[in-house]
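This document starts with one chain, in the form predicted on its own, laid out as structure tokens.
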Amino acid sequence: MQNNSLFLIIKRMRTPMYVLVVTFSISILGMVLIPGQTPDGQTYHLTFFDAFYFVSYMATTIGFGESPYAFTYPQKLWVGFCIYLTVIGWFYAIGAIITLVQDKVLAAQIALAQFQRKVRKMEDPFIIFVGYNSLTRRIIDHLAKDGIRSVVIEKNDEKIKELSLQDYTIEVPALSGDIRNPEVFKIAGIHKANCRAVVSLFNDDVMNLHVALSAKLMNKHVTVVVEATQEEYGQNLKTIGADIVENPFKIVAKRIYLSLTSPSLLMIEQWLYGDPLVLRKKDRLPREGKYIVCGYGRMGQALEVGLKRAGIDYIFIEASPEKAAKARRGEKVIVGDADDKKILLKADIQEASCIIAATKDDLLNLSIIMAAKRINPDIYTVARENHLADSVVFKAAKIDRVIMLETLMINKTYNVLARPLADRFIRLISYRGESWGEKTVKLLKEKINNNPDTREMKVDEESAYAVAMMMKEKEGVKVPYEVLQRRRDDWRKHNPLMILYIRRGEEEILLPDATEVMIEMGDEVLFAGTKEAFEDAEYIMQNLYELHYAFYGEEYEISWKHRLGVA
């Protein structure tokens, strides 16, 4: 895919230009050959330059004077012919220009040239999104608000137009092209050093595999984030080196499991995805009684793992005999329509404590929930919502918990791209257990507040100039992380600030003791606290005066060498 817009313009305008040249040439030649007459009766001939000059203003303005002398009748006759001849030529040329402007091929070439220019000028890190839909649109919006740039590759021109109408805080260049053409990735800038990641979240696992493979072959250093809903494709993606493989059904199963076994860990995870640090009533799944899961597709099979691991008694209802036949030996699967009263009664809906409508049909899921509530009004209801557009209907149905796969994928992908330390923290705490979760939640609420903010920082000379200078100037001095918790107005008091996680090369430290762990260059740190506390910590890391006061409890006196700039 090359930019040929200039070549295309030349090619399309070649014939109109020939017509103009021929009409002008005939007109000029006639004006030179036809003799004129001076006022004193002498015969003369226009030079080629005089003829060219006359024809030029005659053909373009149709308002002229006869030069250098009044024309003879033969000259006037020829001029009349030339007027109509050149007008025809101009009309033809203008028509060709209008046709050219409306040419879709030329428009595509110009758009390609503009896209290439924008990508070429990008100096900040950027992320390539393959495909533009409601999912990627919201992720790009979140990233844009954080100042992270995105580039989109989309095959459908209508979606490109839709993107151009979005009011993103920073421009998002979009390329119309098929990702199966390797040239498209090159044009999107995958080879550039500042291309941070490639994201592919198609519902088609085969397409995601293709994107991941192409991306890794073209730039092995780029981070590849893809969706895989089937285990075999997930394994293939990891084999070819995909960095992040997201399975929305596994995320759902994990959340159901955490809700049953470690609600505090679920609370922390949801908080790091942007929810308040509280466990709502609807987050508490019943621990006792039987669960009825409707649908034995990809989500049903993922839920099976989570429920079994949590020791919950469950039964499946599946309409497709083929899918039901895939159930593992010993699994209880009733074949039939889950919104059928007889089938629900057969599954003991009256005695069940929870029903999960997990099919890929939103209308069917709503129908199942309504049918179950009619028989057992006290049953806890969980429904899968497949499309964000159906949110209003699901909200009106008063379902205890709605699982929106798109929202899960949006939050997950955004965290991976913009808040990698928070994403890593969530993975690390998954197996810590309820007691660890309770203790952490208690610490967060006691030390900070009921809903702390989080901030990620990298300790380097740019973000921690003062710390770097102190370490260089004073050999052996080590600064504990606890210094960052001190207040700038009174070093003996502490800000509401906690260190959740430090990544130091291959070493990872969860909830470190800030008094014992020393700051090192290259550390990546996940903080929890208030905005004011983050501001103080950033000042202390950046400013020598603030750091000196927070560390030693005294004002910093600058030496005469520093004042003269010789130290």
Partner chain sequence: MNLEKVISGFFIILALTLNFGFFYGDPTILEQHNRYELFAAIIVNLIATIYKLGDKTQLGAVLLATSLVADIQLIGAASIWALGEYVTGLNTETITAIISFSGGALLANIISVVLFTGDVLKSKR
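Residue numbers count along the first chain shown, from 1. Everything numeric in this text was worked out from a predicted model, so none of it was measured. Here, rigid core means the biggest group of C-alpha atoms that superpose within 1.5 Å across both forms.
There is also a form predicted in complex with its partner chain; it is not shown, and the following applies to it.
- Annotated contact segment (heavy atom within 4.5 Å of its partner chain in the model of the complex): 45-53, selected among 511-519, 534-542, 496-504, 45-53.
- In the model of the complex, its partner chain lies within 4.5 Å of some heavy atom of Ile28.
- Interface membership of Met58, defined by any non-hydrogen atom within 4.5 Å of its partner chain in the model of the complex, is ruled out.
- Although the partner is absent from this view, Leu33 contacts its partner chain in the model of the complex, with a non-hydrogen atom inside 4.5 angstroms.
- At least one heavy atom of Tyr18 is located within 4.5 Å of its partner chain in the model of the complex.
- Fitting the two forms on the rigid core leaves the C-alpha of Phe115 displaced by under 2 angstroms between the shown form and the other one.
- Put the two forms on the same core and the Cα of Tyr132 is off by less than 2 Å between the shown form and the other one.
- Fitting the two forms on the rigid core leaves the C-alpha of Tyr273 displaced by under 2 angstroms between the shown form and the other one.
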